[in-house]
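The data below hold one chain only, encoded as structure tokens and taken in the form predicted alone.
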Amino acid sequence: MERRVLVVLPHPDDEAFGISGTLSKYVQEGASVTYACLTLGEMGRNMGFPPFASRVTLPSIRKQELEASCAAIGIRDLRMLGFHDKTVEFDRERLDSCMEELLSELKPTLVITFYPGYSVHPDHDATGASVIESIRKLPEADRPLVYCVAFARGHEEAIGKPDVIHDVRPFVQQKIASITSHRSQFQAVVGEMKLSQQEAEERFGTERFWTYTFA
């Protein structure tokens, strides 16, 4: 059983589709889960459907949505680190410093982040790269286990198939609550979320991770 889990992702809603079931499982098992979210998604294009946000109001709306998602998952330790959306890759020195401080403070047994180079968005890749390099600096015996999320085109040809697949069907309702908390985002992508329990389990019942191996 994991004892201390640190999640590092750049945008509100990054946790929802890919890992919220796993996080719900860890919370229920008694793990301490910290979610470090780098930005408030200020540059997001989706404003709800029909639109209810504006460029001015979007950061505060996405902050509220993130807090609601964490409440649905059961996360009590949410850190909002104050980076700006779509600029994470240009703020690497500060990002590395933040990652090293989090690792020193929390001493996680498991870290979850994006697989650098295989996560599509520059913010995702920069976040994953900083996490990996910060952990690499730790003495080998002190390094936590690292699970990465990957979904870039051709990623399985490059890094192989995921070696960790979690059955999160018992947590699918928490997962749907996490997804639907991000109303400004998911409505434009998914529309109305009206699924039976069976449909929800088939669609959202597994989550995949790659264990990062330090060379």
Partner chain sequence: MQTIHPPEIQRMIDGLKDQDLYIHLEMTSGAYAAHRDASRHPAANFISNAVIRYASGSIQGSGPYRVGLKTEKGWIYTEGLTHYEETEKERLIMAGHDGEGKLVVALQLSREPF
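Positions refer to the first chain, counted from 1. Note that this is a predicted model, so its numbers are computed, not measured.
FYI, the form predicted together with its partner chain isn't displayed, but the following is about it.
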Contact test in the model of the complex: residue 71 vs its partner chain, heavy atoms, 4.5 Å: no
Contact flag, residue 87 vs its partner chain in the model of the complex, heavy atom cut 4.5 Å: yes
Residue 32, heavy atom within 4.5 angstroms of its partner chain in the model of the complex: no
Distance check, residue 51 to its partner chain in the model of the complex, heavy atom within 4.5 Å: yes
Which of 23 to 31, 144 to 152, 63 to 71, 165 to 173 sits within 4.5 Å of its partner chain in the model of the complex, heavy atom basis: 144 to 152
Contact assignment for its partner chain in the model of the complex, among 136, 92, 121, 107, heavy atom within 4.5 Å: 121
Answer option from 159, 177, 47, 40, heavy atom within 4.5 Å of its partner chain in the model of the complex: 47
Its partner chain in the model of the complex - contacting residues of 195 to 212, heavy atom within 4.5 Å: none
